[in-house]
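Here we start with a single chain on its own, the form predicted on its own, put down as C-alpha cells.
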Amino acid sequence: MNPTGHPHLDSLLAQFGDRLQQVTIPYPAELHFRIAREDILDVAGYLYQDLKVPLDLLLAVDQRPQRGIFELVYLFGDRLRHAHTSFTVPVPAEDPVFPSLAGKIFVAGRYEQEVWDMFGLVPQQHPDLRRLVRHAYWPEDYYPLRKDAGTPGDGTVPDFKDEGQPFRFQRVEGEGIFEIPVGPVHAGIIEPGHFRFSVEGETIINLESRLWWVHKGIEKLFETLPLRQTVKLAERISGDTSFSHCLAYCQALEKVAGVEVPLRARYLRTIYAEMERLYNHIHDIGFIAQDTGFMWAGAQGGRLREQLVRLNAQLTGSRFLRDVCLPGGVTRDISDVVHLALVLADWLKDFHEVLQVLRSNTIFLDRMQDTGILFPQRAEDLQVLGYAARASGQNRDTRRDHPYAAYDFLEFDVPVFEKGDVQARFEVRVEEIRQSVRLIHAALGKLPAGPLMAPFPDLPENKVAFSQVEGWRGTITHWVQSGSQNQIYRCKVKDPSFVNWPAINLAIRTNIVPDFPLTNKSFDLSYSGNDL
C-alpha cells in the first residue's frame, strides 16, 4: 500500500529519513514501519514528547522459528487525529537486549518488565527491573511465551520451588513508620493481591501493590487452541467484561481476515457493549456507597444490577453476554425494540430515584470528597484509562477517538471531571449511565435491517492487526498475529487494569488507612484482566 495520508508520516520521515524501513499503512489511519533497536529512544521519544502521542502498547513476539530473531512492537495512539502509529524492532536471539523507555514513558517500564519476564529480553538501563509476572519461585530461566518454553509438568520445565523467597518491596524508613501487609488472601470473595502500606499513625506514606498471584497463561493458550475456542477464551479474560474483550478480539480477527461486519451486527454490538457498561457501573455505584457504610444504597445497586443482567439473559440467553459476539458479527438479534427501550427508560427512572437519595446523604458525600485524589498530571503521566482517567481531567474515550462498531453513527457526550477524587469517579459513572441509555435508545431507533453475520474464512498466514474497544473500565487492546493452519501465532491482551493499578498507589498517599477500601472500589480494577 502506498503510505500516504497519515498525520504523522511526513513529520516522521522529515525527522528520521531512511532510518524508517518498510513504511506501510496496512489499514486506514494506521502507519507502520521498522527501525533498528538503537533508534528506539529517538523515535519513541519523538512520538511521545514532540507529537504528544501516548504509548498504547508494547509487546514482544518470538520470531525465532521463522526468522531467528525476537521482535518488539510499539503502538502509539493519537486520539486527536484518530490515528495510530506502530513500529517493529528486531532483537537478535544471541543478544536479547534493548534500550529501556522507562525514563521517558512511565508505562513503558511496566511493559518492559513484562517482556523481560515472559520472553527474557532485557531492557537496558531500566530503573526498577524487579519481576512483575514471574514471582520469585518461578525458575530463573523459564520464559513462558517463548515458542520453545515447554509446559510445567511435562518434564521440560525446571521445578517451581516456593521457598518463601521475599519480594523486594520499597521500604520507607523513619521514626514512627511501620508497615501493614494486606493479602494476598482477602476476607471477601475476590482474587488475590498483596498491598504493602507504609504508614505513620493512620496516614499512608506509601503503598506498593503486588499482583500476578494467579497467572493463567492466557496469551499462551491463544496460541494452542483452535480458532473458535479462542473466542470463548477471550470472553473469559475478565468475567465482568466478557463482551468487550470478545469484541476487541473479534474485531482484530476481522481485520486480519478482511471481513466487513454487517451494519445491523455493528449496531447490535454497540447495544450489547453499552448493556455491559450499564450493569457494571450501577454495581460499582452501589458498592462505593456501601464502602462508606450506606448499606441501603449497596442493596439498591445490587437490585438495579440484577434487573440488567436478567434483561441481558432475556435478550441473549446469557447474563454476561457470552456466546453473543463471533468473528463476522453477532449470534443474537433484538426482535422487540420497543420493549427494550421502555424497560430501559423505566430502569433509568428508578436509578434517578436512588441517586436522589444518595445525593441527599451528606455523610456519603463527605466520605467521597477529597478522598483518593489522582491529580490530572499524574493521570496523564501514568496514561490511566477509562472512567479513572476521565475523573482526573483526561478527555479520552475510544468510542469517540477511534470509533468502532456503530459509534461513528451515534452522538454521545464524554463526561470529564477535574478533581480526581472518589466523588469524581462516582460522578463519571453516573453520567456514563445516562449516556449509555441514550446510546442504546439511539441505536435502537436507527437499527437497520440486514444479516447478523458475514462469512468468515480461514485466516491468512502471518498477518498482523490490533483492535481497541472502550470497555466499561477503559480501553481494551487486542493485538494478534495469525499463524499457519488457521491458528493464532501471537495474541497480546491489554486490559485497562494493567496501567491503572499503579494509579491507586499514588491516589491513596496522604489518606488514612480506612480510606483504602473506598478508594480501591472507586477504581474497581480487575485482578483477572491483569493477571493474564
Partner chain sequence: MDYVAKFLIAVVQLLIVLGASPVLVSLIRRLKARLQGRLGPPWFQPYYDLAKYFQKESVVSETASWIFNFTPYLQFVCMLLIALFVPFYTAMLPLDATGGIIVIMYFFLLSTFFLALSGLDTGSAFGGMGSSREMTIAALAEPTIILAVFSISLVANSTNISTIILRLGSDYGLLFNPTHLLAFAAFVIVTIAETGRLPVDNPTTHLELTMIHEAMILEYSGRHLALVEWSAWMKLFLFLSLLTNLFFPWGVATSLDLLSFVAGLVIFAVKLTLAAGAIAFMETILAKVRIFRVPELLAGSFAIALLAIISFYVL
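Residue numbers count along the first chain shown, from 1. If you're wondering where the values come from, they're calculated on a predicted model, not measured in any experiment.
Quick note: we don't show the form predicted together with the partner chain, though the next part is all about it.
- In the model of the complex, at least one heavy atom of residue 292 sits within 4.5 Å of a heavy atom of the partner chain.
- For residue 188, a non-hydrogen atom is located within 4.5 Å of the partner chain in the model of the complex, even though that partner is not displayed.
- In the model of the complex, the partner chain lies farther than 4.5 Å from every heavy atom of residue 338.
- Within this chain, residue 451 is remote from the site of the partner chain in the model of the complex, having no heavy atom within 4.5 Å.
- Exactly one of the stretches 244 to 252, 73 to 81, 197 to 205, 393 to 401 approaches the partner chain in the model of the complex with heavy atoms within 4.5 Å, and it is 197 to 205.
- For the options 408, 413, 366, 418, the one in contact with the partner chain in the model of the complex, meaning a heavy atom within 4.5 Å, is 366.
- For the stretch 295 to 331, the set of residues having any non-hydrogen atom within 4.5 angstroms of the partner chain in the model of the complex comprises 295, 296, 299, 300, in sequence order.
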